[in-house]
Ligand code: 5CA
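Okay, here we've got a single chain as structure tokens, the form predicted alone, with questions on binding and movement later.
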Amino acid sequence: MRLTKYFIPVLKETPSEAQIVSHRYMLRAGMIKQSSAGIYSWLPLGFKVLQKIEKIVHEEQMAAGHIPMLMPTLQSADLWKESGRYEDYGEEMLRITDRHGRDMLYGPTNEELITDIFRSHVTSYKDLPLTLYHIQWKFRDEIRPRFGVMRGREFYMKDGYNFDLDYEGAMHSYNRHMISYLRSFERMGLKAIPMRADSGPIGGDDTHEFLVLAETGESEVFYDNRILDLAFGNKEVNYEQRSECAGLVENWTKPYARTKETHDETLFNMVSEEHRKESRAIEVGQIFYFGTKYSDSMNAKVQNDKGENVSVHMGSHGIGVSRLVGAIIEANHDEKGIIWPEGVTPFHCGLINLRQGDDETDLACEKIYTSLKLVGLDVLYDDRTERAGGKFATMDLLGLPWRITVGPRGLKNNVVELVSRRTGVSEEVSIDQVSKRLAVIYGLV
């Protein structure tokens, strides 16, 4: 994409309302624009990142055997009254009355709606286990929305729901979700720690939050820092094997890691002093097992192998897709701007023409631009007639992982400069080899 043909309304000054790094950089990089308090339009650059994150979530959910669908943003209040949560949920729920006087609401979550779908179509244990999920916009009327997309009123969220015959089956679903979430965050370049947490208004006995360490995080957390050494890498997981999944989950949950609400000072002090850490963190996901809480109240039952009607065991699982954009920036930035992990970057690389209008430089840039696209790389070509300093500042702010700089000095030797945004390491690469070099880095060859 040529920058002269793209829409990135970059700001030189930081808007006064931006209090944290991610909010400042998302506004300055032209990723979002506030529509009203806690509600944002996602401009092209921000939308590209949002789609990258959504794609990773979909891929890992389906790899775990979960089935995508889509539920509406508006829900009937009748289902929430049936479950008993309509009055209990509080003022964060945006309640609406339609023209016929029917009570409606803008969904903050979907336990009731998915339970109604399930009970309408599933009656036998033979159809279990079943996990359905969707990615949809949600709304919670925060009393004081702040921090940009980190604490907005409207947000994009993946929520999934499992239905199992018994506790053992439901805990296998719980484990599948934990693994799929950890793999998703790892692909996004994040180290998200699963922490024992409080279930809040969702309910249930078992729940883990996934938190990314950051100074601006709203959560106070306590953990054994050895958990930071764990990683999946390219390891494949057999989600059908209960013992394998349980073993992986045990590895990730054995080290002490809890939020303030569930923190146990006695247990924490049993961790060796050099490994005990206290920090702030950002919540990016949560999984719940709540047994028959909703299936009992909403009569979601199946017939078991003995012909008995039994309530199904359920769990729900959420990832804050739009919140992740902010969390990734909070964990990946410097004083110049964003530093995108390669898994979620809006463009694979940036191409800077240092002498726009010079025939030789323009020709070299066109050659590189075409070769990058031919190997499947998404490139942002700064073809503006701006000074070099302005172009470098823009690229640093946007935070693309790699920058290719083309100028007269390098062209004398038929080379360009390739720079890593994360490390700052620079090297000279021949014009004919730069696209192949980046294609190898991104695993495209």
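Bear in mind that the values here come from a model prediction, so they are computed numbers and not experimental data. Start at 1 and count along the sequence shown; that's the residue number.
Not on display, but discussed next: the form predicted in complex with the ligand.
Query raised in the report: in the model of the complex, does each residue in the set E111, M157 and Y161 place a non-hydrogen atom within 4.5 angstroms of the ligand?
Result: Result yes, every residue of the spot touches the ligand.
Report task. Identify which of D362, D78, D166, E142 has a heavy atom within 4.5 Å of the ligand in the model of the complex; exactly one of them does. Result -> So the residue touching the ligand in the model of the complex, by this definition, is E142.
Report task. Taking 4.5 Å between heavy atoms as the contact cutoff, choose which of E283, E186, D224, D116 touches the ligand in the model of the complex. Result -> Flagged contact: E283.
Query raised in the report: Tell me which of 145-153, 229-237, 243-251, 302-310 has residues with heavy atoms within 4.5 angstroms of the ligand in the model of the complex?
Result: Of the options, only 145-153 has residues within 4.5 Å of the partner.
Requested in this report: Indicate whether the ligand has at least one heavy atom within 4.5 Å of a heavy atom of G350 in the model of the complex.
Outcome: Outside the cut-off, so no.
Query raised in the report: Should G326 be classed as touching the ligand in the model of the complex when contacts are defined as heavy atoms within 4.5 Å?
Result: Close contact is absent here: in the model of the complex, G326 is far from the ligand, nothing within 4.5 Å, heavy atoms only.
**Report entry** T345, heavy atom within 4.5 angstroms of the ligand in the model of the complex
**Finding:** So T345 does not count as contacting the ligand.
Query raised in the report: Does the 4.5 Å heavy atom contact test between P194 and the ligand in the model of the complex come out positive?
Result: Taking the distances in the model of the complex, the answer for P194 is no, it never comes within 4.5 Å of the ligand.
Query raised in the report: Using a 4.5 Å cut-off on heavy atoms, which residues of 305-323 contact the ligand in the model of the complex?
Result: Heavy-atom contacts to the ligand in the model of the complex: S316, H317, G318, I319, G320, R323.
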